[in-house]
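Heads up, what comes next is one protein chain in two forms, each shown on its own as C-alpha cells, labelled structure 1 and structure 2.
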Structure 1
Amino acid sequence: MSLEGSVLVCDEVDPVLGKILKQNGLSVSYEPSITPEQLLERAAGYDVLVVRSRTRITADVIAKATKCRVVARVGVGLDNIDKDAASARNIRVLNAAEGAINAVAELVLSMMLSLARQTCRGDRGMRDGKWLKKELKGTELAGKYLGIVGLGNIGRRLARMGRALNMNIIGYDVVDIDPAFAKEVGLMRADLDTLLSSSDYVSLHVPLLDSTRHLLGAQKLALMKDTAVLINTSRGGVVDEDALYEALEAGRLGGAGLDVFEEEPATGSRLAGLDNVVLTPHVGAQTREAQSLAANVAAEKIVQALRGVI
C-alpha cells in the first residue's frame, strides 16, 4: 500500500534514499544546503525530517514541525537531534548505524597496517626528497595481539578481520559476548587492564558516555606496552588526548591512529607534529558503500515507521 506524506532531506544524502521513499508513495524535497533559519520556516510542512551531521534538529525545530512523525539520521549516533524534545511530541527518532560497520573496521585495519609498515612516514619522506629505507623497518600484524574494547557491531567486524590476518584477539565489553562469535574468532576475554597490558594493538569501539569519557587516560595508557599502538575511531572524548600526546612524545607508547578528536575539526592538533601517528578527519563512515547502505537502511526504517511496523 502506498504511503502518503512528505519528507524534507536537509543534508547531502545518497540518492537511493529518495528513490526508496518515492517508490513508497512519499513526496521528497531534497534541500542539502538548507540553512537553520530556512528549516525553522519550513519545518511545519513535513511528516519526516532527514539529516546527516550538518543539520541540527533542535527543540525549536521540533516545536515548529507540527506535522512531523519521524526524524531520521542517515548515520550513527543522534548527537545532532534533540531526542527529548522529539519524544515529548511522540516523534520517532531513527538512525542507520549499520551502514558504517565495515567502513570503520576497514579504516582501523588501514591504520594498523600503515603504522606497522610506516607507510605514511615513508610517503612524507619521499615528498621531502628523502629515502628513509634504513629507518623504516616495520613489523607484521600476523601473530600479534589485537585488543578490542567494545565488542559491538564494529568491534566484532574488526575481530573477524584481525583473525583473518592471523592475529590473536583479546576482547573487553561490559555486556555478555555471544559464545558462537567468541569461538569463531578464538576470543580471549579479559578485563580492561589485562587487555591493555597484553595487546600489541588496542582499538576502541565504545560509545561516548559518562562511563567511557577518558576511558583511556594517563593511568590506563601507562599499562600499555611501549611498542603498542592505540587506535581510536569511536569518539574523541574516549581518549584523554593530552595524556596520549605525552605518552607518544615520551616514547611510552609505540604509535596511535586517530579518526576522532576531543574537538573537531582538529586542524590545530599538536598530535600532527608526531611521526608515530596516523590522523584522519573523522572519515570512518565516509565510503561510497557506507553512505549508500546508510541511506538504504534509513529509508527502509522510515517506511516501516510510517507503516507502524517498527
Structure 2
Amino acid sequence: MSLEGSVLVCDEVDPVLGKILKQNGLSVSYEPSITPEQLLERAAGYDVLVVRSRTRITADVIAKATKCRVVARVGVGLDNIDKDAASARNIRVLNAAEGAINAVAELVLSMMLSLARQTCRGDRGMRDGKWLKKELKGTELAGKYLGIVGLGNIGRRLARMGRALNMNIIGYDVVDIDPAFAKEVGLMRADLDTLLSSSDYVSLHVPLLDSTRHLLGAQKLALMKDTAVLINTSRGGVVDEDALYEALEAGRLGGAGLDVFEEEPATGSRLAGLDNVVLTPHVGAQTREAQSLAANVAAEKIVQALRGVI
C-alpha cells in the first residue's frame, strides 16, 4: 500500500534514500544546503525530516514542524536532534547506526597502523624532501593490548579486527557484555582505570552524554602508559582536548588519532602541530559503502515507522 506524506532531506545523503521513499509513495524535497532559518520557515510543511550531522533539529524546529511524524538521522548519533522535544510531540526519532559499523572500525584500525608505523610523518617528510628512515622505527600491533571503551556494534567489530591481528582485547562498558562475544575475542573485561593503565591502544566508542563529557581528562590520561595511543572516533567532547594536547606535547602519551573534535570544523586545532597525532575531519562513516547502507537503512526505517511496523 502506497504511503502519503512529504519528506524534507536537510543534508547530503546517498540517492538510494530518495529512491526508496518515492517508491513507497512519499514526495521528497532534497535541500542539502538548507539554512537553520530556512528550516524554521519550511518545517511546518513536512511529515518527515531527514538529517545527517550538519543540520540541527532543535526544540524551535520541532515546535514549527506541526505535521512532523518522524525525524531520521542518516548516521549513528542523535546529539543534533532534541529528542525530548520530539518525544513531547510524539515524533519518532530514528537513526541508521548499522550503516557505519564497518567504516568506523576500519578507520580506527587505519589510525592505529598509521601511528604504529609513523606513516603520516614519513609521508610529510618525503614531500618535504626528507629521508627519515633512521627516525621512523615503528612498532607492530601483534601482541599489543587494545582497550575498547564501549562495546556496542562498532566496538565489537573493532575487537574482532584487533583479534584477527593477534592483539589482546580489553573491554569496558557500563552494560553487560555478551558472553559468547567475550569468548570469541578472548575479551578481558576491566574497569575504566584498569583498561587505561593496561592498554597500548585505547579506542573510544561511547555517545556524548553528561556522564561521558570529558570522560578522558587530565586525571584519566595520566593513567595511560607514556607509549600508549588514544583513538577517538565517537564524539569530540568525550576527550578534553586541552589535557590531551598537554599530555602529548609533554611526552606523557605516545600518540593520538582523532576523527572528532570538541568544536568542528577543527581547522585551527593546535593538535595539528604535533608529530605524534593523526587527524581526520569527521570521516568515520564517509565511505561509499557506509553512506549507501545508512541511507538504505534510514529509508526503510522511515517507511516502517509511517506504516506503524516499528
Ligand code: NAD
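Whichever C-alpha set is largest while still superposing within 1.5 Å between the two forms counts as the rigid core. Just so you know, these numbers come straight off a predicted model, no measurement behind them. Numbers given to residues start at 1 and step along the sequence of structure 1.
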Practice problem: Working through the pair one at a time, identify the form predicted together with the named molecule and give its number. | Solution: 1
Quiz prompt | Selected hinge residue, from A116, E289, A44, G122, for two rigid parts turning between structures 1 and 2 | solution = E289
Quiz prompt | Smaller rigid segment rotation relative to the larger between structures 1 and 2 [°] | solution = 10
Quiz prompt | Rigid-core-fitted C-alpha displacement of A65 between structures 1 and 2 (angstrom) | solution = 3.6
Quiz item: Superposing on the core, what C-alpha displacement does P36 show between structures 1 and 2, in angstrom?
Solution: 4.3
